[in-house]
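In the block that follows, a single chain appears as structure tokens, in the form predicted on its own.
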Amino acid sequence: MVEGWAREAHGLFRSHGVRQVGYVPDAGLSDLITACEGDNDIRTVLLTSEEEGVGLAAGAWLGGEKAALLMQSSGVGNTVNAIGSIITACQMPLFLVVTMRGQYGESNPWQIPMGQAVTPVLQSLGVRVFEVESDREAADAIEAGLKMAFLSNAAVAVLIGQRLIGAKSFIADVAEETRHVGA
């Protein structure tokens, strides 16, 4: 059962007319992805890269529909050229939900650099960034972001912080894998 911010986000997608959701799989997004996949009014598109999602969103808008893109913070770097060249230059709406890594409790050193760079990178491209840490903040930011994106042709990213989705245990996973390799 989908609960918390993901349930609210799905309901807001429906009420704001989002008909396409592009995503790159991520554990922090799994409830929202599941809710969208189970909704006959929303077409979900599994992406091979986050950059494809920018093209999906632009094509949806040109075809008269609204799209949302779901990704982990490490994938934001893959979207920079597409956001800068398509979204910013053409002044098209873009709505992103980004689950964050490299924040509170992060134990994977490879996630920290991009996690710390997401906000300044997106802001440098003209994307409005809303950072959230609770279910209520997430629902409020998603609603505000959907309005801003689709009523004013803005690019908006709602960043779902690790305090809300939880930090993954990288060190414990590596230790467990190493233990099995040596056995």
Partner chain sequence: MSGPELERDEVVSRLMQARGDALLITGLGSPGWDAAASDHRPENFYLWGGMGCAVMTGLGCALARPDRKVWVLTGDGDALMGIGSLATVAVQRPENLAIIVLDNEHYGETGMQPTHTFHGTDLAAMAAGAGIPVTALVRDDDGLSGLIDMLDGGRMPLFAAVKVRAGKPKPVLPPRDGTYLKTRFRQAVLGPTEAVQPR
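Numbering follows the first chain given and starts at 1. The structure presented is a predicted model; accordingly, all values stated were derived computationally and were not measured.
The form predicted together with its partner chain is left out here; the points below concern that form.
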Report the stretch among 133 to 141, 45 to 53, 25 to 33, 115 to 123 that approaches its partner chain in the predicted complex to within 4.5 Å, counting heavy atoms only. 45 to 53
Non-hydrogen atoms within 4.5 angstroms of its partner chain in the predicted complex: do 10, 12 and 95 all have one? no
Non-hydrogen atom contact residue 38 with its partner chain in the predicted complex at 4.5 angstroms: no
Tell me, yes or no, whether residue 128 is in contact with its partner chain in the predicted complex, where a contact means a heavy atom of each within 4.5 Å. no
Whether residue 162 contacts its partner chain in the predicted complex should be assessed with a 4.5 Å heavy atom distance threshold; does it? no
Taking its partner chain as it sits in the predicted complex, is residue 156 near enough to touch it, meaning that at least one heavy atom pair lies within 4.5 angstroms? no
Residues in 72 to 99 that come within 4.5 Å of its partner chain in the predicted complex by at least one heavy atom, in order, are 81, 82, 85, 86, 89, 90, 91, 92
